[in-house]
Every structure is written in structure tokens, then in C-alpha cells.
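The chain below stands alone and is given in C-alpha cells; this is the form predicted alone.
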């Protein structure tokens, strides 16, 4: 946990924004893997961690703004429970560490909420993303289950987004740590992915590095020789010389802050000539977009800049043609770059996206697009000092998309399909780094990791 003063200050800032009503914070519960008591690793709700720092299941906190109360509801474990898990400190120890004065048994939670309703207090809760919490909120408030999502507090959600979007110095320190563990995972992948190993073998070794760092992976590892599929997780496929491997992975620290990086590298000692050309285009798009980051700059414009650089590069390879800006405006580039440039990162690897991408990544004046490609851009709004985000352009030669669009005659003014046909077995490439937006620009999180062709080849051949 951070200091008590940190959590108290965060809650005081929230109270000033919200002013009145009852703020309901459900903690997460244990989740069964294949039956009730065989659990997945527990992961606390990130907003619960942000305001209270207590990483235990089956808890609620109410902040009663009208009566100036903060109450944690939960039940201490019994000696019989200790048989299974060992001695655990009482909840009062944790509330002392985060500055909450009152602890009540869970059995009293429903009555407190009902009294608040009877007094006419507004109930505020964040959008639930787990079914059990949705059902509990329904039971506690009397709101029908199918209306719980619709009756979430947008005011509350926007207040939390505003706070969590700006990272403090102590958060940035944790994020540097997460990114450095992530970088260690990538160095291992680049160096030890060799002819004859399987994707899962390397992915398992990377997860071990994340766990050894004190936490775990921040999302399921993407490690594949079929990088043309954006979220292709590791399989038992055997990796061979000539393959290009895309590794997108991240570590989460013990404090639950995430890293998220991607590197693409050859299995053999060197990139082939054509691999070098495609990788150079991706890296140029990445460097161009990253160089533009600063407060006040719309991330959507960074995305479009990367798209333009990709089109220019593909024109050089003979795969695209015509006016670059017109090609981007019409969406022709999405044959090769189907996703968004990046996303916020923090306690969640896609930070706060449980609140909805429109609220987190856009504004009332900037709406999220519904067009193919742009609809996958999770972050579009102007950047602020203290934001943490990823930059990850890529080029993907998806044979199914190529065949479909060629048959439809889509974008023939901009795409040389006969040349593209030659790349249908190429795969995909992306490069991803994590940045903090500073007063005058941006700062790379973590120590630099091999990124250029020369650096990657040097690391492979150490």
C-alpha cells in the first residue's frame, strides 16, 4: 500500500467533486475457475485499490458524503478460516493503513443503504463489470438487474476518471517498475526464441519472469508467429527459422500497476530483407507518433499521423498508391492497420476501460468513431500532463481480409492487390512503448529496450 495520506488525499479530492450522496464501492470477489473453491488468482477492483489500497476479497466501502462518514463493510476471518489460509490481520489493521475510521460487518450493509434511500440520498456507483456485483447492487438497492448498468452514476464515473487519468509521482515510480519487468520479459523472448521451441514454451518462461517480479502478467501473453491476427495468444505451434515472432506482453507489479510493450523479431539471427523493410515502416510510424506527444495534442491526431507514415512506407514497397492523405481519409490503410494506436495505461493495462471508451478516451465534443479501424482507437482526446499511455502502430497482412476486400474491389484507387498477394503469408509486426505525458512533451517509461533492427539483432546474438 501507499501511505495513509495518499488514500486520504485521493478520497478528499473525490468528495470535493461529488459533494453529496452515497458513494458505493464494491470490492471484487474470488472467482471460480471450474468450481467455487478452485479460484483464479484474485484481482481486486482497480478503483477500490486506488481509493483504499486493500487487496482482499468480499469487501464494500460506503462514503456517505451527507453525513461525513467512510465505512468499510466486511467480515474478519475466523480461526477455522486460518486452517486454510494462515493468520490474517483483522480488517481494522487495513482501515488504519488507509485512513478509514469505521468497520462494520457485511450483514449491516444493506440496511445502511436502505436508510440512505429512505432519507432521499442519491446513490452513486460505478459501472459494474462482473455479474456477481451487478446482482449484489440490484439486491442492495432494489434496482432491477437489467437496469443496474443504465442507472450507474455518470457523474461519479467522470470524477474517478479525472483523478485516475493523472498519475502521481508515486504511481509513476510503480509504472517504471512494471515496464522494467516487462522489458525483462521481452529481452528473454528476443534472446531465447529459437528454432524448434513452441510459442507456449516461451510464453510460460515470460510469465515466470512477471511472477518473479512480485506480481503477475497484466494480461494474457500474446506471443505468436501469426502476428497478422491482432490478439493471437500463444499456442503449441513450433517456431522455425524464417518465422517472424510478435510478442505483446506486460507485467503487473505487486501494487497492481501495469506494463504493456510489444516487440517483433526474427527467429533466425537476422531479419530477412523484406522483414527489415516492413519493420522499418512500423518503427518510423511509431517514432513519428511518439515524437508528437505533448499536452494539448489529440491522440487521434497521433493515430492519423502513424497511419499516414504507414501509407507512405507501403507506397515505397509498391503495396499502396495515390494520395496519402486521401487514402487515410477513406480508410484504405486499414487493410494493413486495423486497430488503434494505443490506450491509457495504469492499474489496468487498458486503464479504466471498464467505464467505457467514450467516457475514458473521448469527450462530449469528440465522439468515438464507428468506422472500421477508427472504432478500435480507444483514446482520441487531447492529452494532459500526467497521462500514461501506449504507442503501438503495426502492419498486419491478414489473408482473409485481403481476399475479402480484393473480391469486393475495395480501395482499388489506393491498394495494389496483385503486389499485396505476395505478402499473404508474411504475418504481422508492431512496436509498442509506454509514455508519461510531461509538461513539455513525453517521457519514456522504463529503461530503453532494444527497438531498432540493429539493437534487436545484437540482442539475439549475444
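Note that the structure is a prediction, hence the values are computed from the model and not measured. Numbering follows the first chain given and starts at 1.
There is another form of the same protein, the form predicted in complex with a further copy of the same chain; it is not shown, and what comes next is about it.
Checklist entry - Does residue 231 reach a further copy of the same chain in the predicted bound form, with heavy atoms at most 4.5 Å apart? => result Looking in the predicted bound form, residue contacts with a further copy of the same chain include residue 231, since a heavy atom lies within 4.5 Å.
Next on the checklist: My question is simply whether residue 42 lines the interface with a further copy of the same chain in the predicted bound form - judged by any non-hydrogen atom within 4.5 Å.
Outcome noted: Yes, residue 42 lies within 4.5 Å of a further copy of the same chain in the predicted bound form.
Next on the checklist: When the contact criterion is heavy atoms within 4.5 Å, does residue 205 count as touching a further copy of the same chain in the predicted bound form?
Outcome noted: Close contact exists here: in the predicted bound form, residue 205 approaches a further copy of the same chain to within 4.5 Å, heavy atoms only.
Next on the checklist: So, residue 347 and a further copy of the same chain: in the predicted bound form, are they within 4.5 Å at any heavy atom pair?
Outcome noted: Result yes; residue 347 sits at the interface with a further copy of the same chain in the predicted bound form.
Checklist entry - Of these, 214, 331, 316, 242, which has a heavy atom no more than 4.5 Å from a further copy of the same chain in the predicted bound form? => result After the contact test, the surviving option is 214.
Checklist entry - Out of 218, 390, 262, 387, which one falls within 4.5 Å of a further copy of the same chain in the predicted bound form, going by heavy atoms? => result Of the candidates 218, 390, 262, 387, 218 is the one lying within 4.5 Å of a further copy of the same chain in the predicted bound form.
Checklist entry - Is it the case that 37, 86 and 376 all touch a further copy of the same chain in the predicted bound form, with a non-hydrogen atom of each within 4.5 angstroms? => result So, yes: the whole triplet contacts a further copy of the same chain.
Item to check | Heavy atom contact within 4.5 Å of a further copy of the same chain in the predicted bound form, the stretch among 265-273, 334-342, 109-117, 291-299 | outcome: Looking at the other structure, the answer is 334-342.
Checklist entry - Who in 114-147 is close to a further copy of the same chain in the predicted bound form, meaning a heavy atom within 4.5 Å? => result Sequence-ordered list: 129, 130, 131, 132, 135, 139, 145, 146.
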